[in-house]
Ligand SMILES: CC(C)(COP(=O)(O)OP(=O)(O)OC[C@H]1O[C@@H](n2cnc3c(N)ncnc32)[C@H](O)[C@@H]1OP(=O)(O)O)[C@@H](O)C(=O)NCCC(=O)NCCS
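Coming up is one lone chain in structure tokens, specifically the form predicted alone.
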């Protein structure tokens, strides 16, 4: 696991020109489940009860509750005052502070929460699944350039390359906020292992990739993760959410 994540401090809750990334290690966060559960509203608890598997329910509780705790600290308000609205494509936003942007993602044993006052942000994390790294799946979800870049990789690089591309495309879609109404072949991202995470081209919504920043996020050898937002020249801070 990457060791670059810090224990929360007063700086964790200062907005400024900062992207705050919070790492959820669900095995460790499980110990605080009883502390987190009361943060959820009755409606949120009912939604949690609809999960069939206990692990899925607990991850939902931990993610939603931790997000609310962090936002309440940043806004200096009670957690019960944190209420979410949703745009027409299902992306959530803060009703009381629509200019404080956030996004969440989880896969396997890890989750990520991204929060910033700078602009809309998208984050994605995926656990490696070997059965997904097939040419037919790449051709279905990647752009022409991404397909060519993926097929040009050595066989032993394709697992990482596939999920580099997957998480970076998901992060961009989530930042734009249009959901799957944005065709996946209308923009290109980098995917080569070891290279910088980048948005290479945006054909729709007709934007300049130079105005965007995309960053790789190191979590674990079996995971890929990334975030992106339409901004440059900002600070990124990495926090361990289960130490909150």
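These numbers come from a predicted model, not from an experiment. Numbering follows the first chain given and starts at 1.
What comes next is about the form predicted in complex with this ligand, which is not displayed.
When you look in the predicted complex, the only residue of 193, 209, 177, 48 with a non-hydrogen atom within 4.5 Å of this ligand is 177. Proximity of residue 150 to this ligand in the predicted complex: non-hydrogen atoms within 4.5 Å are absent; the residue sits far from the partner. Heavy atoms of residue 144 never reach within 4.5 Å of this ligand in the predicted complex, leaving it off the interface. A residue is said to contact a partner when one of its heavy atoms sits within 4.5 Å of a partner heavy atom; residue 118 fails this definition for this ligand in the predicted complex, lying far away.
In the predicted complex, at least one heavy atom of residue 184 sits within 4.5 Å of this ligand. No member of the trio 109, 220 and 240 reaches this ligand in the predicted complex with any non-hydrogen atom inside 4.5 Å.
For the stretch 39 to 69, the set of residues having any non-hydrogen atom within 4.5 angstroms of this ligand in the predicted complex comprises 47, 60, 64, in sequence order.
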